[in-house]
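One chain comes next, on its own, written out as structure tokens in the form predicted alone.
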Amino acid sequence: MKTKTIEYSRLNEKIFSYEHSSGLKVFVIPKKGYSKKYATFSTHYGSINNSFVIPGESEVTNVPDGIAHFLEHKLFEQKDGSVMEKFSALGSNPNAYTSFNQTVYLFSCTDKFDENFRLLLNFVQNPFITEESVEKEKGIIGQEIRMYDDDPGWRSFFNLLGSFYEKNPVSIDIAGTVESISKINRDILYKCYNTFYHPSNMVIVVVGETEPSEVFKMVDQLIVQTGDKPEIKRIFPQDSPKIKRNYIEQKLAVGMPIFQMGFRDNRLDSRGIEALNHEVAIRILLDMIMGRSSELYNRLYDDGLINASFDTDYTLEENYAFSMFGGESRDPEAVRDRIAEEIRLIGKNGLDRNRFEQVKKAQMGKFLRQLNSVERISNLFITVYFKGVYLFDYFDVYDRISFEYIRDIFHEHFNLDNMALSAVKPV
């Protein structure tokens, strides 16, 4: 068994890795003295992967929106009962989630790690899907979709994505629509499973006080050999480089308007260290311009235009990227105008180098604090792993990133022509 060890001496962290003969990658990040152990089994498959070429075929396969999320639900039902109940009997906390790009199955425990880990590996590899159970699940997920249709925060987020993109599937709800899931059947689910749940498209991450060699041994015993590594061709529609619209408004039962706004980013260096450089640069810029210690944030707060719900974020993936900031406000349009004016002033007068150093140091400290959580380590590791880098590479990026690089990224990203506002207002 060939294993590798990557040491990050400055962080006092190690990653132990092993590649199974199927192509599955396994990573163990030991955390001595931690009582909790956290394991994930993830596939590089999310809600945006609705158009693809199955390995060995030449024609494009198109499947209904929401199928990745639907499949996640179905894997928890086994022939001999509920997987959730089996985990509970072992004293662990299981869960799963589907994002735009990934589906992740997980558990945390303080005891009986081996038994829980075997259960995780076994159920993810052995789907049991019947037409009867599919029809039943449509009703359950349909209720979930309707609930989110009335969620103002969820709607403001997806309305913003719909303003950024006309064709990109990222603007479609992860769970799909009631109409789209009505088209899902057993055969389509198995087709997606057999395409995207091949071990070579998956990764296992274990964080906690565990022995790497024992984890690797269990993987060797339990992962099914599946032949050659297939190449999955993912198809995405070509979108216009311009945003679809700069404003969208929806009426819902809210006491105060809720908004999200941001900038669509057309630079899609989504893999490797350059992706982390770009992401870190924009996160630093967002904090510099409108973070809680910024002058703009405090002016907006003092004027009653924002409250403590205001926050910022940035996302960079294989075919979409955007910054986003928002919260509650009595006047979202006024917030947009004040932020736009601040960006114009910075474009004219330049960024503050001292402010850059302060924010960079603060963000590096925040990153280091996240390394105290087994959950945060695992979730962040998965997100960046599918981009071809490791979680601990963030530290080097923060260490090396320069003011000059930040300045260039500011002029590239904060283009007011690519700015959109999504507001949900009271009925």
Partner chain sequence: MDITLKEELAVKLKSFNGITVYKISQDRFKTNTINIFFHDTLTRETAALNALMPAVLRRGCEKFPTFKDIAVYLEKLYGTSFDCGVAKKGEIQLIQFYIEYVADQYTQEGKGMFEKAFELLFEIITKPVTESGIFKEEYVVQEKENLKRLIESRVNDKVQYAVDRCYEEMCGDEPFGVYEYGTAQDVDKITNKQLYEQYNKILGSLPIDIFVTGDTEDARILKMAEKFSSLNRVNIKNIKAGNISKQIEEVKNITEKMSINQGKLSMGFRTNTAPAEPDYYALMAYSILLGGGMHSKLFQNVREKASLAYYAFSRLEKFKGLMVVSSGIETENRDKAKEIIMEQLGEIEKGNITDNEFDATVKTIETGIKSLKDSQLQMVDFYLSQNMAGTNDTFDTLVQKVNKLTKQDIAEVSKKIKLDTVYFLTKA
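Computed from a predicted model, the values in this text were never measured in an experiment. Numbering follows the first chain given and starts at 1.
Below, we refer to the form predicted in complex with the partner chain, which is not included among the displayed structures.
Can you work out whether the partner chain is within 4.5 angstroms of a heavy atom in all three of Y34, I258 and L371 in the model of the complex?
The answer is yes: all three residues contact the partner (heavy atom, 4.5 Å cut-off).
Among the candidates G350, G272, P237, G91, the residue which, in the model of the complex, approaches the partner chain to within 4.5 Å (heavy atoms):
Filtering the options by heavy-atom distance leaves G91.
Among the candidates N246, N126, T177, Q143, the residue which, in the model of the complex, approaches the partner chain to within 4.5 Å (heavy atoms)
Contact check passes for Q143.
Can you tell me which of 289-297, 164-172, 275-283, 190-198 lies within 4.5 Å of the partner chain in the model of the complex, counting heavy atoms only?
The contacting stretch is 289-297.
In the model of the complex, is there a heavy atom of the partner chain that lies within 4.5 Å of any heavy atom of P152, even though the partner is absent here?
Close contact exists here: in the model of the complex, P152 approaches the partner chain to within 4.5 Å, heavy atoms only.
4.5 Å heavy atom contact, R186 to the partner chain in the model of the complex
No.
Taking the shortest heavy atom distance, is I232 within 4.5 Å of the partner chain in the model of the complex?
No, no contact at 4.5 Å.
Can you tell me if G388 lies within 4.5 angstroms of the partner chain in the model of the complex, counting non-hydrogen atoms only?
Contact with the partner chain, no.
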